[in-house]
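Shown next as structure tokens: one chain only, the form predicted alone.
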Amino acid sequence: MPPEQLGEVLALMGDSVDNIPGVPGIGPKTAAQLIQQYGDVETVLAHAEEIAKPKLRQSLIDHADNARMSRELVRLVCESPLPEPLDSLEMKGIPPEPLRAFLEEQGFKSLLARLAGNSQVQAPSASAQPVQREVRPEPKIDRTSYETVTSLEALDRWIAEAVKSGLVAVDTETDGFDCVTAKLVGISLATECGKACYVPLEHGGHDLLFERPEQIPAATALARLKPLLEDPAILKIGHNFKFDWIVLDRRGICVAPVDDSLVMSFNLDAGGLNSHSMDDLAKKHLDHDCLTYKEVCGTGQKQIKFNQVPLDRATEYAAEDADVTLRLWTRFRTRLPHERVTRVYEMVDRPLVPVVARMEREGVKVDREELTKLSREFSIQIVALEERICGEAGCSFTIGSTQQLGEILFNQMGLKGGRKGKSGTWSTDVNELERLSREGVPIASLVLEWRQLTKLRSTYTDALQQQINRETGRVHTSYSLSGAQTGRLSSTEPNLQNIPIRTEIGRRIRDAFVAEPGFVMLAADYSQIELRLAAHMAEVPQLKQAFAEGADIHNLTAQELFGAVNRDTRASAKTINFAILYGISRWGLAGRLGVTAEEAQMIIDRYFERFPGIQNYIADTLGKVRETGFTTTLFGRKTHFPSIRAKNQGERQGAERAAINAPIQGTSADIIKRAMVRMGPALEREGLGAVRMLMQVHDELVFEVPQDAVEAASAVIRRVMETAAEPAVSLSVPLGVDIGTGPNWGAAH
């Protein structure tokens, strides 16, 4: 395609970064095909009625004006007069130094080769060594060198240094660990390695034993810092910065732009290579032991809050955090391009930091009365189960004791097939109990049900009532940007990922997550996204065709494997479809289907025979991870598997199973993250700023939507989610999104 047609392609596909609307549903591949066929946007629109695909045809007709406007937005203005003629910009008499030295140092081999014929610039010889640029050695970490800023003159000096350098590492100190309620105590800044300060804001003054030391009034200091922290020309650097972002946002400061050294570390070394906490990274990369919070604030009854720490000690701790963050960032930023993870960092994870922070701060309303009711019901059911379990055992025992349960099952009741761990006690894990349950052992099924109910009661119906924020009346879960090695978000307090998905109990817990008056809950869930990605990544024609036609993929698999489609074969096919993608063994599949290992192996063989692309994908993935030690997603996210070459067979096979699924699950995580980043601007453009994104759970986004905006919001949310991969990745299968609404989360499913 000639360069002059690039604008035609861009006009059809759009660009969310530059607010080019384009035509919904058209990505780079389709746009290029249309322009190659018709030549330009106007001709495409003139022939829209002739296009065979109904959705594409209708989209071009409905959004013709947007396409024309987009063509103007991307048009290059070639008629503008130049202040200087191009000829006057020609470099004549290029000096051999320092140009050659610079090109050699930076590795511009092509430019050096092009300049080789110039008599004034010599090409490097084969033995020439790159010219080393003088690099100032990084100073050792010296806590005594940090400054305590207690005057406006000193603060202005630090702000000026940050403006001059164009970047500043920032860390906040608070009087608690809940960023939604914690009070801001102070801010630390670092403008270069070894040069850091602490600005105390709220130390002392809250207790007769702690005299208020000299410090700048908080409102005054924050007013001075606000322009710096919001300046788009100055990069702010943090570690796990969503915590600091929320703390500062509550004080009216919207920090941007942001780099996060924790996210960088995760993009570089996800998958068991190291922890991503600042203290662990400092030890690994800087060979430095950071001051710990316990060392500064103490433990137990003697523990004090950070606003009670003397300023000299507080400065050592807080400024060190900013200094170490800047040093880690300095190392990680040079690794990103060399290790080819800049793409996933810049296009997926970096822009997600403020999005997740806003979502955490927003929180979600829960119905305390409904939770109390559920807790009572669960307690009654738990007592009844305990009586039945002890009746099956023939005696009373502590059901929560795995040792006592093992003795009951395998010694007293004499059940066969049990296995002992290294400690010599019987295993009663979920796999063992599910095996016994499939063999028709009633007590095993009862214990499994008892465990689920007790866990749900303690984790959700009881705990959620304690987690309701007194100030907001909502529950604010905390999302980890580095909690799952494949890139998925994980959450704590509460852990939203562990609520049962398709059970009645899980639905009732979701019923307690409710919308505010005048709003409804909207749940948007990617439909079978991992199977769709598998069809694309493994190049499986049957699956791609089925998804393109909107067919039931599990019915297709049932027909291919069993020759018939009914309730039982479809259920088995559904299990098989997902299990194969997780690298399940024949024994694992046998357990899930209730068949012998030999029958399970026959099913696996038949599956690979019907869908050879899946088998090839698994073989290719394992071959690459054994060679490189990591897998990659379509967006370049790496997941490292150090155990892939382990001598222990069980450890090695576990790594292999995880590696098979990592590119698929990781790509799924990348796509929903991109949808989250794009969602806010897309809703704002349509005048839907009142829509609030509340939660992200697996492949689902949950929103709180004004009742009169459901239809409009649904259309935007669906469009953003279905096109989230574009234009970075062009998928050969469509992404499907199921949307439901209701007064609560459960009803929205």
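Note that residue numbering begins at 1 and tracks the sequence as displayed. Model, not experiment: these values are computed from the prediction. Here the rigid core means the biggest group of C-alpha atoms that line up within 1.5 Å when the two forms are laid on top of each other.
Beyond the structure shown, there is the form predicted in complex with the DNA, which is absent from this document and is the topic of what follows.
task = Kindly confirm or deny that 430, 483 and 649 each have some heavy atom within 4.5 angstroms of the DNA in the predicted complex.
result = Yes.
ask   = According to a 4.5 angstroms non-hydrogen atom cut-off, is residue 498 in contact with the DNA in the predicted complex?
value = Although the DNA is absent here, residue 498 would touch it in the predicted complex, with heavy atoms inside 4.5 Å.
ask   = Taking heavy atoms and a 4.5 Å cut-off, does residue 510 contact the DNA in the predicted complex?
value = Looking in the predicted complex, residue contacts with the DNA include residue 510, since a heavy atom lies within 4.5 Å.
query = Even though the DNA is not shown here, does residue 301 get within 4.5 Å of it in the predicted complex, heavy atoms only?
reply = Judged by the heavy-atom cut-off of 4.5 Å, residue 301 is well away from the DNA in the predicted complex.
query = Is there any non-hydrogen atom of residue 657 lying within 4.5 Å of the DNA in the predicted complex?
reply = Residue 657: contacts the DNA in the predicted complex.
ask   = With the partner removed from view, which of 448-456, 561-569, 597-605, 538-546 is the stretch that lies within 4.5 Å of the DNA in the predicted complex, judged by heavy atom distances?
value = Stretch 448-456 is the one.
request  = Report the residue, out of 330, 527, 150, 490, that has at least one non-hydrogen atom within 4.5 angstroms of the DNA in the predicted complex.
outcome  = None of the others qualify; the residue that does is 490.
query = Of the residues 645, 419, 368, 340, which one places a heavy atom within 4.5 Å of the DNA in the predicted complex?
reply = Comparing distances to the DNA in the predicted complex, the residue within 4.5 Å is 419.
message = Using a 4.5 Å heavy atom cutoff, which residues in 394-411 contact the DNA in the predicted complex? It's fine if the answer is none.
response = Contacts from 394-411: 398, 400, 401, 402, 403, 404.
message = On a rigid core superposition, would residue 338 pass a 2 Å threshold for CA movement between the shown form and the other one?
response = Comparing forms between the shown form and the other one, the residue 338 CA shifts below 2 Å.
Large Cα shift (2 Å or above) at residue 449 between the shown form and the other one, core-fitted = Shift at residue 449: 2 Å or more after core fit.
Shift of residue 472 between the shown form and the other one at or above 2 Å (CA, core fit) = No, the C-alpha position differs by under 2 Å between the shown form and the other one.
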